[in-house]
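Encoded as structure tokens, the following chain is the form predicted alone, with no partner shown.
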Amino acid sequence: MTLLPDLALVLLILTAAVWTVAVRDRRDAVIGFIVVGLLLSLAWVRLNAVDVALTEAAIGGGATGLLLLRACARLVPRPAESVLPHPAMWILTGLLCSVIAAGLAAIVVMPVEPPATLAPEAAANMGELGLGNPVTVVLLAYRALDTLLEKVVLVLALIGVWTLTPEQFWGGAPASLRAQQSSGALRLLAQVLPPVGVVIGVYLVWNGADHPGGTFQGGTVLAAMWLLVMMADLREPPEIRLHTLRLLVILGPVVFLVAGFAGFWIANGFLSYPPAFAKPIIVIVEAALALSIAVILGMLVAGPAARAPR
């Protein structure tokens, strides 16, 4: 009987995924994508991977969904017949998906014995760092370079979006995010929810050192609150020429790099932390990264500048 909820969840995920691929309207497809992300977050909770579940809900279902919805709103409508792929592409895509599905099924059905894991090695030195969350230990200590490169990629993605700005609008602000029809309920929500959301976002960042949470989750919640305020027309998107905005975009990666190069001096290695100061350094880096992630995600959704600078 305990398998019934899991089987129902798997069926819902597969149904939502098939519907997302098969539906013709791109806005409906994006909504289906968001639903799949939220359902996958429930699946990760069932697997006791709460950190992954929070990330999937925040990034996969939330931030990416908003970004795709914003893209749909800016795309010029075209007849459905003009965007259908060639039948050969359907066949090739189906074959590739089948191979990947078969490989994943083989891994699940025929696991390696004993299972390959680095968990004991990762947990062995957690005490020296003063952290209680093994996911944070891996991301900010053992695989810190990968995490740094991920944040640099986000900055490059935002720069790529800004390069789409027409020359006459360079330095100006993106188009307004306000809804086409004014909604009193949305304005009320944007006035009431952000204070609570900011506290939750800060808590997720702080909590990530010892419990499920972290920079991506907290930064995404902060970005969502900012986007909500802009969608309710309480604030306009900022001009991309603002020095404060640009400093916030690069703050996280810069602080991360400073901490990394300081490791040569205080711990004899790049991105190395002295045991006595490891936790404070990691918390400072996480706080800076969360601010940068919030600003970057918000500006990615806002898009390139569409208004001349003031």
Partner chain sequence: MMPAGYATSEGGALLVIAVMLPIVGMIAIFALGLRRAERIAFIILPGGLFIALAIAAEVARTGAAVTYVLGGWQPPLGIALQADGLSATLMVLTALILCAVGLFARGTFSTPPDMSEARRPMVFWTLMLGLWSALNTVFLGQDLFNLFVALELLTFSAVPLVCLDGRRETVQAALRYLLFALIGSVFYLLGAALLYGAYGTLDMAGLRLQAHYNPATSVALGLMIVGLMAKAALFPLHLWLPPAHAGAPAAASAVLSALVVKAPFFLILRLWFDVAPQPGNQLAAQMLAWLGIFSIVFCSIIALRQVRLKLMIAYSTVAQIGYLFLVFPLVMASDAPSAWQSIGWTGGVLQLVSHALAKASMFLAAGLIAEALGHDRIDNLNGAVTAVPISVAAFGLAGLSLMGLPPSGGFVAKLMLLTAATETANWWIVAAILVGGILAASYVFRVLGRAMAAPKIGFKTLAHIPLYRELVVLGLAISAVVLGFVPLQPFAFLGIGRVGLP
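Residue numbers count along the first chain shown, from 1. Every value quoted in this text rests on a predicted model; they were computed, and no experiment measured them. Whichever C-alpha set is largest while still superposing within 1.5 Å between the two forms counts as the rigid core.
The same protein also exists as the form predicted together with its partner chain; that form is not shown, yet it is the one meant from here on.
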Original post:
in the model of the complex, does residue 153 have a heavy atom within 4.5 Å of its partner chain?
Top reply: yes
Subject >> is_contact(residue 235, its partner chain) in the model of the complex, heavy atom dist at most 4.5 Å >> reply: no
**OP:** Please check if residue 285 has a heavy atom lying within 4.5 Å of any heavy atom of its partner chain in the model of the complex.
**Re:** no
Subject >> residue 276, heavy atom within 4.5 angstroms of its partner chain in the model of the complex >> reply: no
Original post:
For the stretch 119-148, which residues lie within 4.5 Å of its partner chain in the model of the complex by non-hydrogen atom distance?
Top reply: 121, 122, 125, 128, 129, 141, 142, 143, 145, 146, 148
**OP:** For residue 117, decide whether the Cα shift between this form and the one not shown is 2 Å or greater, given a superposition on the rigid core.
**Re:** no
